[in-house]
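We begin with a single chain expressed as structure tokens, specifically the form predicted alone.
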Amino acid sequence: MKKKLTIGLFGFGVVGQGLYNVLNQTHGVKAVVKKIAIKDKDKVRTLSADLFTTEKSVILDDPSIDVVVELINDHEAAYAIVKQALINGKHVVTANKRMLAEHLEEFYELQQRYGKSILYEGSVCGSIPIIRNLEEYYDNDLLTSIEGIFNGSTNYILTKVFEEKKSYAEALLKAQELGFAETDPALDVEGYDAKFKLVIAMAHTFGVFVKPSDVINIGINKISSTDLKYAKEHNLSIKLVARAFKQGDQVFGFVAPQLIEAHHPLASIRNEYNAVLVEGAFAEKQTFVGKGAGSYPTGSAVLSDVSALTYGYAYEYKKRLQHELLTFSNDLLVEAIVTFDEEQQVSIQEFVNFKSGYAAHGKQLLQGELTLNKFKELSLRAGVSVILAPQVSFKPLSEKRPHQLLEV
């Protein structure tokens, strides 16, 4: 049976305004916004001034408010708000992926301690309901992998570069103008945003809590003209792929650009769309596609979470309760293509298994198997670009044992 909820809203940007309007125009979700916390009290707004406050305590300490919806940009301020809301006995809805990724295990424990829910469908892949599906549809499936395009901004940029022959700078500027990429796009183009989402997804896919700092992320900001030429000559595209998979008692996860063959499910994902590929022992391979950038995709997920709370819904973290001992590791071999200026020093000795290479027009290209840590190290060198090969294989380094992060 539905319960009518009273909401305290933090943030009144595009998503916050959209949520407020939808709640006041539809009878499908039984919820009302009582108070909205903002930073700028002098900004002209169309709603009554009595609805707004600049003091977070007005919302957090109000016993009549059931749910805190957090939609601000500051991840540190958001952490303080969400933590206090749970302690004060309020449910929380948020889409702040960085804040969640950095504190997810703590939030899990707070939910158990205070008996309140925190829902965050909008934090991973916009309008795609992947968290709910991992929790409910795949609750008893033996999941082996999750991967996909988790960042709409970078996918938009790469689409424009390949299909419209835009320069990287032109495509990035257009993404910023459309609101897909931030004014400071580093979180998107360097792979951090996708990594935060992957960390959250891993908790529901495998039941492991992993620190973002332990997950390797490589972005698209160093993709070279040689990479683009190679891709087009071989009928390939480039996508920024976030992936996590289980082999034995180990979980591996990282974000990196990859050359994608034309028949691959991710090849057709264009512009700001996201895609998630899930593989399990029973359901086998399934693909989810939806918009991942923009205010409405996130807003629809936030609205869905609010609606779920009216039915008393809560994440159960079912994979965590299946008592499987798993460890997270970066001890992995990956097949990669490395391109670099001739004056740069990249040696074939840095490859575990070297396959091929060539040099032309002042650039060199080498292909072979690298350790994941070497793959990351090369990505940090000036004038060097690293991309996963199209038919990439992953081999755990069995002679090394990973550090243990979590027992479940």
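Numbers for residues come from their place in the sequence shown, where the first is 1. Predicted, not measured: the structure shown is a model, and the values here were computed from it.
This next part talks about the form predicted in complex with a small molecule, which is not shown.
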Students should find that, of D249, E182, E109, E284, the residue having a non-hydrogen atom no more than 4.5 angstroms from the small molecule in the predicted complex is E182
The small molecule in the predicted complex has a heavy atom of only one listed residue within 4.5 Å, and of H91, H204, K239, K97 that residue is K97
| request: Using the partner position in the predicted complex, report whether A293 sits within 4.5 Å of the small molecule, counting heavy atoms only. | output: yes
Check your understanding: in the predicted complex, does G152 have a heavy atom within 4.5 Å of the small molecule?
Key -> yes
Using 4.5 Å between non-hydrogen atoms, is K319 touching the small molecule in the predicted complex? no
Counting only non-hydrogen atoms, the one stretch of 186-194, 165-173, 131-139, 309-317 within 4.5 angstroms of the small molecule in the predicted complex is 186-194
